[in-house]
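What follows is a single chain, given as structure tokens, in the form predicted on its own.
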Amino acid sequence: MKPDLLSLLRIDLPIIQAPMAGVSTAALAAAVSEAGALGSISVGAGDATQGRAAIADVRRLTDRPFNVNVFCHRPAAADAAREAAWLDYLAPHFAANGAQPPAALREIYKSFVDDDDMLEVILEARPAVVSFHFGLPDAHRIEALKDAGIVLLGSATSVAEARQVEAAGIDAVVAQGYEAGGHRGLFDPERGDPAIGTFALTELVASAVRIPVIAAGGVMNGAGIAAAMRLGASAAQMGTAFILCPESSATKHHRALMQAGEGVITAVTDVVSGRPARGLVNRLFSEIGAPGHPPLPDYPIAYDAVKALNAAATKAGNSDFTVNWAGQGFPLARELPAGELVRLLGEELAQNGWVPRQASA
């Protein structure tokens, strides 16, 4: 029998707000946690100083458990020739927006796998939960976090990855289906993406591991959470469902695209950052990501180029190169305060047969 995830996480509802970098905020995470679910922030796209401040910001708003997400990608290998070729490829887009590409690209943030300063920050802060994306850190880091009493979650896009998560001693696995918005959690993108849908992956992983499974990708309401739980999940992780909440940091343009209706679609591309990720299609996907582009710099070096292009385009009043992460279920997103959305999700869950632990006692 799998451990009880809600007791492990000390939450009332089987709902985890996904730590979507660029969208999640301290206010969003705190509101979700205050409503009885698990709020999340991402510190993967920042340094240790920023990570410490982000955790403190949440702590000022809630004393409930929350999740801190870190990136465990393979550290980037600089390649000056490949990076120069990529900037040459992007140069016409910079010129069209009255700007020049940067002279060089840099690794804009470190991986947790070799970021001792971030590890120290997390061990000092001791958040209730830490989650890993893009892979796993080494056994020493995992042991240090567990010794600090932190519950650990690891994302997986396949049964093989889920088994690695379990073998590493992680407490629960996030089964990330292909529908999910944001970056794919692939351990090794060079091996290709299995592109397994959320419900199929949830059932496959639940039958393959003994730790609790959290379904992620395309789950937008209580009916979806209940369906995932019937397939063996202990909870659902939801990111796109929270983008329209006023507490998120999504831009007006991002929100407008989410609410535009027909004609807006999502797709997966690696040209934004150097790793596959799902977002709302714009010229980044259709033009820059068109077949025939040069080899990409490593993640996150490639992201440095797109961030510079977006900054130049935005300064020129052009939103064509914005990054707007979203999953396939985005048309179902609701514009509600985060706490109110969590309560509504709980009501929908109950309508779909889920019985809270207190009621079942």
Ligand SMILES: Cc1cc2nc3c(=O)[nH]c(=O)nc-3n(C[C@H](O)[C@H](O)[C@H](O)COP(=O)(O)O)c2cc1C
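One rule holds for the numbers: they count along the sequence shown, beginning at 1. Only a predicted model underlies this, so the values are computations on that prediction, with no experimental measurement involved.
From this point on, the text means the form predicted together with the named molecule, which you will not see here.
With respect to the named molecule in the model of the complex, the three residues T25, T62 and C245 uniformly fall beyond 4.5 angstroms at the level of their nearest heavy atom. The named molecule in the model of the complex comes within 4.5 Å of no heavy atom belonging to I11.
When the named molecule is considered in the model of the complex, P297 lies well away from it, no heavy atom lying within 4.5 Å. In the model of the complex, the named molecule sits within 4.5 Å of a heavy atom of W325.
In the model of the complex, the named molecule stays beyond 4.5 Å of every heavy atom belonging to G224. A heavy atom within 4.5 Å of the named molecule in the model of the complex is found for exactly one of E161, E179, E83, D171: E179.
Partner contact region in the model of the complex: 230-238, out of 114-122, 230-238, 98-106, 187-195, criterion any non-hydrogen atom within 4.5 Å of the named molecule. Interface residues of 50-83, taken as those with a heavy atom within 4.5 Å of the named molecule in the model of the complex (partner not displayed): N69, F71, in sequence order.
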